[in-house]
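There is one chain below, alone, in structure tokens, taken in the form predicted alone.
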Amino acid sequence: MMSISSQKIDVVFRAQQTYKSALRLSNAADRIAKLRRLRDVIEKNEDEIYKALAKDLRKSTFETAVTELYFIYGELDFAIKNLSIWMRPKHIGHTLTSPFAKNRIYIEPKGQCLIIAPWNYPFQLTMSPLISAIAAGNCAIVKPSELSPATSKVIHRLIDEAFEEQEIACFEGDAKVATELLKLPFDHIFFTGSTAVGKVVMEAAAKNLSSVTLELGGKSPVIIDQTADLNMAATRIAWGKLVNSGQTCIAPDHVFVHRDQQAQFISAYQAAVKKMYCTDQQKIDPHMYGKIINAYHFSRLKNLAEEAVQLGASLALSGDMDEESHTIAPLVLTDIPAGAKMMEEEIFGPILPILTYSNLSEAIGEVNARNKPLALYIFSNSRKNIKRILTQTSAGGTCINDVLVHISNPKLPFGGVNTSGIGRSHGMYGFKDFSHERAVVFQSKLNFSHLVYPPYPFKNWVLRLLKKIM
């Protein structure tokens, strides 16, 4: 017998199955109105969003505004401005075999979608795919993370205020709720989270042949060459590593720097940390620096650092750890032994390993020896070196002389490769991932199709003609 939650999920799923047929008839004006309604509801509840993220992750109002709220306003405004263009049928050229046919690509909704969101940017990474789903004309069920309960509660209330359940619904709960949802035959599933759980989601989707977008993660490296401005690199890497206390899927995971410049880089990194996050007493300011999400993840990070030190790593910047407040101050390690778990799994915290190289080939080889990362960052003033790294590596996205910022441009696709993800999100790319591109041919009365119809005797001249013109 199904539990109450399972019964409720089934009722909503069936209602959306019915409603998606009507929703596919919606035009750009209809969808834009829904996106504006969502924007209005978010704007009306800004204070509650700030409070929720402060409670879940100790995010400052400014950090929440920049990395969560204003990010979503930008996504909404960009979709509202461009949706009419995205929805237009695309005119495609003729072929020699059908010179008078009209060829089009029609953009249609996939239908019924599931969005499973993570805890690290719980508002942004729930709303961003939801915007794409709405823009594409889909129904959707949203499952926010139970590890950020305050934000999850606010998201649920916002969705209930803006939409009817038959169109957009929200279900809170733990992994059991996600498991129940994954049993259902959704047309598309959008998941953001770890690679390990992404495999579980893809396996569940395969049982119903549901298409997927997987926004995963991995160990995003930084390569700093000898031509780079080390002070600039250290400052930008420190910000990208420590925003949200390092709990960012595209945060710099580890840094490759030439062995002759390691000491200078570490000194610059320490200076950047003090300038951005420390009080006059040189202590980390909790009003500007977030916390680790929970006790489990605090313990995981602590164990990673302790194990590396026990195996021989050196502490270049010894971050204080407060278990009660789940706070880990910025920590830098050098001389990382090859067997350390820190170099085998995504760190997802404010711990920065520094690896050295003698020539650029070593750094490139180390990057290529690992799974393809979600992001790769290059700091260099050499066009030759930049081109070399770009052409000899693969990554979901790359910034040159900066970190993280590629995610903020809705005109760029965002997503991983293989273990770091499947599919693309944001802007037009998110719209397309939630859509089906349907090929349509309007055949003319004047066409030559009959030339390839049976019977085939005496038609070898057709083959000779096709070979010449194709």
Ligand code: NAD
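Residues carry their position along the shown sequence, with the first being 1. What you see is a predicted model, and the numbers here were worked out from it, not measured in a lab.
Below: the form predicted together with the ligand, not depicted.
- Residue 348 belongs to the set of residues with a heavy atom inside 4.5 Å of the ligand in the predicted bound form.
- Looking at residue 414, you'd find a heavy atom of it within 4.5 angstroms of the ligand in the predicted bound form.
- In the predicted bound form, no heavy atom of residue 80 sits within 4.5 Å of the ligand.
- At least one heavy atom of residue 118 is located within 4.5 Å of the ligand in the predicted bound form.
- The stretch from 361 to 369, 393 to 401, 118 to 126, 313 to 321 that comes within 4.5 Å of the ligand in the predicted bound form, counting heavy atoms only, is 118 to 126.
- If you check the ligand in the predicted bound form, you find a heavy atom from every one of 143, 216 and 374 within 4.5 Å.
- Contact with the ligand in the predicted bound form, judged by any heavy atom within 4.5 Å, is made by just one of 184, 268, 212, 200: 200.
- For the options 179, 264, 303, 325, the one in contact with the ligand in the predicted bound form, meaning a heavy atom within 4.5 Å, is 179.
- In the predicted bound form, the residues of 160 to 180 lying within 4.5 Å of the ligand by at least one heavy atom are, in order, 173, 174, 175, 178, 179.
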